[in-house]
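Let's start with one chain on its own, the form predicted on its own, as structure tokens.
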């Protein structure tokens, strides 16, 4: 893995930071991308707003591993959901991954080896109320990932989704207040009665757990693993 280069988006905290650190531990040269310098330590870093689609062409295309992780959340009923926020989330979480995949595939095809890992969500497989944009973006990402898997197979490129339930990240902790207001509950009640209600394993997932799966999907035993969605959901989708 010492010859590989990886681009990881949303790498300043949470899952992205854990993935960057885990891949770097395997000897991968990691390029960490985020709009916030805080937390981008120990690896090569690039600051950019991934929702500014025209600027994505400035990011390195000569990478062997692409981890599409950047994301945000908005909690609101559909009839109250701000249209501009819906568009922003789709740009950031679906259009940006498409453009990054599109511009990195030629290098991967030329090398005869590449790994695309899309950090999806249990919400790429299931829906929850009040998260129209997030659920729509993740469902779209699932389809995009499968198309890339089919097209890339002949070129040694795999494409997979990783689908965690709620992970202990700023994205999750920040939405506790929004969920509390929407559901009329306290933040503690939101954690127990909303976020963890559908899962059998009653705890938040740690970012390092997700990063371990990402590392496996990029490692030497991953050549035949493609077009799949790997669920880390504590039993959510077992229902």
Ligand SMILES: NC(=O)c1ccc[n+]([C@@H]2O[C@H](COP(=O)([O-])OP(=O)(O)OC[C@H]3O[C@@H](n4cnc5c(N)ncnc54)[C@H](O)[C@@H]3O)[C@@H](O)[C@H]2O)c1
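Here the structure is a predicted model, which is why all the values come from computation and not from measurement. Residue numbers count along the first chain shown, from 1.
Below, we turn to the form predicted in complex with the ligand, even though it does not appear here.
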Contact check for 13, 72 and 165 against the ligand in the predicted complex, heavy atom at 4.5 Å: yes
Stretch in contact in the predicted complex with the ligand, which is absent here, among 142-150, 119-127, 75-83, 104-112 (heavy atoms within 4.5 Å): 119-127
Proximity of residue 57 to the ligand in the predicted complex, heavy atoms at 4.5 Å: no
Interface membership of residue 30, the ligand in the predicted complex, 4.5 Å heavy atom rule: no
Residue contact check: residue 48 to the ligand in the predicted complex, 4.5 Å heavy atom: yes
Contact label in the predicted complex: residue 170 to the ligand, heavy atom within 4.5 Å: yes
Position in contact with the ligand when the complex is considered in the predicted complex, options 157, 92, 133, 100, heavy atoms within 4.5 Å: 92
Candidate from 36, 209, 62, 192 lying within 4.5 Å of the ligand in the predicted complex - any heavy atom: 36
